[in-house]
Each structure stands twice: as structure tokens, then as C-alpha cells.
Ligand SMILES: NC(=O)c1ccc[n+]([C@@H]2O[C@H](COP(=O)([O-])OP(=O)(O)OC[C@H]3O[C@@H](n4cnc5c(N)ncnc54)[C@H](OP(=O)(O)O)[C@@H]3O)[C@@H](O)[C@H]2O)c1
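What follows is a single chain, given as C-alpha cells, in the form predicted alone.
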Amino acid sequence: MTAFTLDGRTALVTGASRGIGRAIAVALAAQGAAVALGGRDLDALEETRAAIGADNAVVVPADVTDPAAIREMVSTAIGALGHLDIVVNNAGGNTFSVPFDAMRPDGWDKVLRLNLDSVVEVCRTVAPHLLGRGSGSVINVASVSALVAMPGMSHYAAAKAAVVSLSRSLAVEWAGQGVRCNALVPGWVATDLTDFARADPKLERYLIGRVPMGRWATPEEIAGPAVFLAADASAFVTGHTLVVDGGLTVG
């Protein structure tokens, strides 16, 4: 269907070196988009670029916890692609679980800086460009932890809940100027970022035991919904929280 094609479109995907970000970048390119690949691991970004094809992808390495690096990443992406139509804020993650009362402030701050502050800074940086063009789709990747109780991961859940809330507010602020903003909310996905959970039998049973489909998602199962939010198929969709969780939040 032409409503799902992205021929002539351009996209910036953060966290594109592996997992969900790589799958989204590859899927956008498969639909015709030229993609700027943001992330810290240059070698891994080059692997994503190779999976897409050098003619349709450009590597724009950046540490999204550094506002200056974000500004450089966006500027480089626009310079390389000419403009941006799609921005996917995917960079994020969490590598530890600890009760709230035992959490160190620096641990809390580190997780919010990666999962929330980076999204804020990317949105702040691309806003003048997208609003000036009068079009665009911003997709902020959150997590099902934003919608359910997450004992031991309150830091991550709080950050992702804020991403969902931010997406709604930006959608309303930007709608009249032609820019859409939606939150994409994956459930539990089998990537290297969830290795720590899958290596802990008790934690894995807790997480997957609540999923009606009874398994981890693959990154590719998140990429399809991202294409929908990027494409004209979702032209009248903004401020939406698209949950892709195997039934977790309704089970």
C-alpha cells in the first residue's frame, strides 16, 4: 500500500546501532526512506548501515546524554540528508534493578538522563526545523514500564512515563503546524539491553509471566508499528500511545 511507503522521506533514528533502533532503521529504509543513524558505537552503526545499504544511510555518531553532541548529530543529519521528515527517539535502556529505597541518586539521574533528557533535547533541537517545514513525524520510543507498576525499576518506569506524557503535550502544541508526535510503547523485547533480565530466572518469570502471548517480542515486531507512525497511513494520528506488548497491559 502506498500509504506505508516512505519514498523520498528522510529519517533520523537514535540508538540505531542494535536492537529496536537497528530494526526500525532497517524497516524505514526498506520502505524507501534515507536514514541517518545515531548512536555511540561507530562499528555497530556501520553494521546497521551495511544492512541498509550505503546509498540509503549515513552514520551520525553521538552520545545522546550530551546536549552538544545531540545538536551536532541533528545538524550533521540535516546536512547529509537535506532535511528531516521523521525523527525516532529510540536511544535508551536500563541495566539494573534495585528497590527504590536502595537506589543511589546518581543511578536515578543516569537513567533519566539517557531515557528522558535525551528525548527532550532531541525534540528541542529538531523542533525549529520540523515546524519551519510545516511537516514531520516524531516517534518517541517509551516502554510498557511507563504503563504498569515496575517494582525494582522505578527509575526506568518514571523516565518512560515522562516520555509518554511529553509526547502527548508536544502533539497538541505542534499539531496546528503540521508536525505529529506519538509514543511507541514496546513490551518486553529480546535485545542485548534486556540480557540482564533474561539472565535472571526470577525476573524473567515475573516479566514474561504477565504477558498473555507468553514470550519476548523481537525487535522486528516493534519496527512495523514504527513504520506505521512514520508513514501517511497514520497521517491523522498524533498524541497517540501505540502499545506493542503482547497483551501485557490488558491481560
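From 1 onward, residues are counted along the sequence shown. Owing to the predicted nature of the structure, the values given are computational and were not obtained by experimental measurement.
Beyond the structure shown, there is the form predicted in complex with the named molecule, which is absent from this document and is the topic of what follows.
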### Query
Among 114-122, 131-139, 164-172, 74-82, which stretch has residues with heavy atoms no more than 4.5 Å from the named molecule in the predicted complex?
114-122
### Query
residue 192 near the named molecule in the predicted complex, any heavy atom under 4.5 Å?
yes
### Task
Verify the contact flag for residue 239: yes if a non-hydrogen atom of it lies within 4.5 Å of a non-hydrogen atom of the named molecule in the predicted complex, no if not.
no
### Query
Is there any non-hydrogen atom of residue 91 lying within 4.5 Å of the named molecule in the predicted complex?
yes
### Query
With the partner left out of view, is residue 40 within 4.5 angstroms of the named molecule in the predicted complex by any non-hydrogen atom?
yes
### Query
Considering 33, 52, 64, 36, which brings a non-hydrogen atom within 4.5 Å of the named molecule in the predicted complex?
64
### Task
Give, in sequence order, every residue of 153-168 that has a heavy atom within 4.5 Å of the named molecule in the predicted complex, or say none if there are no such residues.
156, 160
